[in-house]
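Next up is one chain by itself, shown in structure tokens, the form predicted on its own.
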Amino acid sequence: MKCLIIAAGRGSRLRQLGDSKPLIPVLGVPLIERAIRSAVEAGADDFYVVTGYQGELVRGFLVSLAARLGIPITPFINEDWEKENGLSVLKAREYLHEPFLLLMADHLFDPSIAREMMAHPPDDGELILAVDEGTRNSLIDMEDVTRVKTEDDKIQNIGKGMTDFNGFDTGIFFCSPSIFEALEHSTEKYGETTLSGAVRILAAVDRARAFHTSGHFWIDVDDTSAFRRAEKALLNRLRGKSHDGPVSRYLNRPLSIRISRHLVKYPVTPNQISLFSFLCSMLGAGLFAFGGYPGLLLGGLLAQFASVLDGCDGEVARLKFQGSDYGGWFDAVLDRYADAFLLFGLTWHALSANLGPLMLFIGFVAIIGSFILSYTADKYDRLMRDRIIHSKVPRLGRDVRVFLIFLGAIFNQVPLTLTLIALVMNIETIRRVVICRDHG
């Protein structure tokens, strides 16, 4: 699937954030890279980028990006970049002879929009535009957005300032090569070289189709206000993961997102964050074993800090498109080691206080329960995803376990904490086994 991206404009309303609009980073990733990576995730694998203002700088970045991603990116120049965007599209005519995805470099979007569009390609001579019918979308600048009038799945009219409309142009197109003839027709007949003009030409002959995409994320990053809304929206999309437990949802996640917002600005990798979180847990476990309340208190604080930081690796990976199966597995392995050492450190602390050999057994049961609960989590979450979402029973996982360790350390209640973890983790494991048995 070929993808054409328009990245020729000056972006004067974003000048204070950077001289070249396509290269302005949003949470650590340049706008043009976000557009390309989102299209790759959607299924595109051959890219053509129209450059203009600061074209040499943008083309240099695209060469390095193509090498990093291992995909073909062909940049070319629109000398008339100060004119309307239809001219940039026409520059790609010699490269595109079959249906192609058309995107704007300054539009961020959920890759599922383009993926679903590509599953329903345009007929010969047709154009498809993703239209957002969510007229209360808070991410839209009502004074600047291009408005669309649709009837069923057909576009009737498009343009800025329209009063009779029921949707918005998202800037995500799936075009047949007929777009080029429509642009030429619009230019010759009406002197208009915008994409909207071409859409109107095709709409007049019933060849412009709307792909309804209400509820999906997209935003046009056209000025500093939109830039701030885009960053906030991307961060908010990190919230509410289906497998977050109550501590993660209401305490850890709000804190980790604030940390991740700053981490994305530096060349730190998700795996490095995972390793640092693990080292904090190990230091906390060592302080537990050292004995005394000061060590217990500091160890508890470190354990909870590591639990918060444990969310940052995945958040940074999602924000910077650095997620990998290995990264998720590596993080899970380190978490299991961290849990074992934290609970062993608490057990050692209890034994050092001469609380009797029973604490050794309780500590062992707590470690075993934690390990088995983690082992059952993946299959249980996948099997019972819908049930968990609608269940009144909160998801008990690592976030709850570490928070109990934190509270036990703060209030100097090590025996009670180990006993509670041993009971809760093993009872929850048994509950999962029973539920999975009863539901196939």
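Keep in mind that this is a model prediction, so the values were computed, not measured. Numbers follow the displayed sequence, beginning with 1.
If you look for the form predicted in complex with a further copy of the same chain, you will not find it shown, but the lines that follow are about it.
When contacts are judged by a 4.5 Å heavy atom cut-off, Val268 does not count as touching a further copy of the same chain in the predicted complex. In the predicted complex, a further copy of the same chain lies within 4.5 Å of some heavy atom of Pro357. a further copy of the same chain is not shown here, but in the predicted complex it comes within 4.5 Å of a heavy atom of Val333.
Proximity of Leu101 to a further copy of the same chain in the predicted complex: non-hydrogen atoms within 4.5 Å are absent; the residue sits far from the partner. Proximity to a further copy of the same chain in the predicted complex, defined as a heavy atom within 4.5 Å, holds among Tyr190, Tyr326, Tyr293, Tyr250 only for Tyr326.
Proximity to a further copy of the same chain in the predicted complex, taken as a non-hydrogen atom within 4.5 angstroms, holds for one residue of Leu279, Ile368, Ile257, Ile71, which is Ile368. The stretch in contact with a further copy of the same chain in the predicted complex, judged by heavy atoms within 4.5 Å, is 344-352, chosen from 206-214, 344-352, 80-88, 108-116. Residues are counted as partner-facing when one of their heavy atoms sits within 4.5 Å of a further copy of the same chain in the predicted complex; in 206-228 not one qualifies.
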